[in-house]
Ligand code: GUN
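Take a look at this single chain, the form predicted on its own, given in structure tokens.
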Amino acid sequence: MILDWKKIAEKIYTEIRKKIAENEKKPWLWVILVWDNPASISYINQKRKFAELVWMNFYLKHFEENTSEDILMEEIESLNNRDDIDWFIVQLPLPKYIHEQRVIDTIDPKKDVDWFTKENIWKLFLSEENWLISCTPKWIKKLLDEYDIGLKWKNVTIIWKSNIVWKPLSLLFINHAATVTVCDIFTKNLDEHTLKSDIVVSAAWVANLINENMIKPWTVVIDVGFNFVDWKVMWDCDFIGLEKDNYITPVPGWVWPMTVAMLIENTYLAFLNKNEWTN
């Protein structure tokens, strides 16, 4: 069974667009970009497209690649101190000469709609879930909810250890009574973990890391990572082998529709919270 995240994303956009259209004041999504990384530019274009689709204002501050970390930090501090800017994001990844976590933690947690700052992830650690959760974990949970896939008593394996995915996602799943195992590509006998799992989330960015021999029937397989092999997109999970007897996210496809939808929803909810709207 295919878990169609695009259909869910479209539903979210339709609902938010309707609510924003009913109000004169429109929320803003502010984005800071450093350098001309093609993937980042493509990602930002998606954010602009869907922000404008739901009648949300969008502003991009684009710095050249040789911009110093000090200048970037000054810009963030400026946005932190501006009363007319309520939330913003810094597009990741940053150039290697910039310390990514230091930049993230410069963002005022109250203006962090990506939910990447240490203070906001710490809230998730303490089970203080509210209307904001970092976008990738949020869309994975939303996807499971839409298909009535509960987490209670489920065995979950998360593969890889990025701050954006595995830490907040593992905390989110633990908060909902799942038993979570975190692995990476160096884990010995990875299949021993995946074969015991009801849900497998792979964000390792290693082509065909997971195959049908590593997954028991009717496992939920959520594939976040991909790689290029001979200029062809190859995903972490062997879709052809896994599609028949499992619940799996679609290939070809990409996680952008749901990730961007969660960012748009976070921005809308932050705006809603500040302005004390009523639904």
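From 1 onward, residues are counted along the sequence shown. Here the structure is a predicted model, which means the values were calculated and not measured.
Just so you know, the form predicted together with this ligand exists too; it's not on screen, but the next bit is about it.
Contact with this ligand in the model of the complex, defined as any heavy atom within 4.5 Å, is confined among 72-80, 110-118, 191-199, 153-161 to 110-118. Just one of Val90, Ala204, Leu132, Leu172 comes within 4.5 Å of this ligand in the model of the complex, counting any heavy atom, and that one is Val90. Of the residues given (Phe63, Tyr43, Trp55, Trp28), Tyr43 alone sits with a heavy atom within 4.5 Å of this ligand in the model of the complex.
Taking the partner from the other structure, this ligand in the model of the complex has no heavy atom within 4.5 Å of any heavy atom of Asn266. Residues from 47-71 that approach this ligand in the model of the complex with a non-hydrogen atom within 4.5 Å are limited to Lys47.
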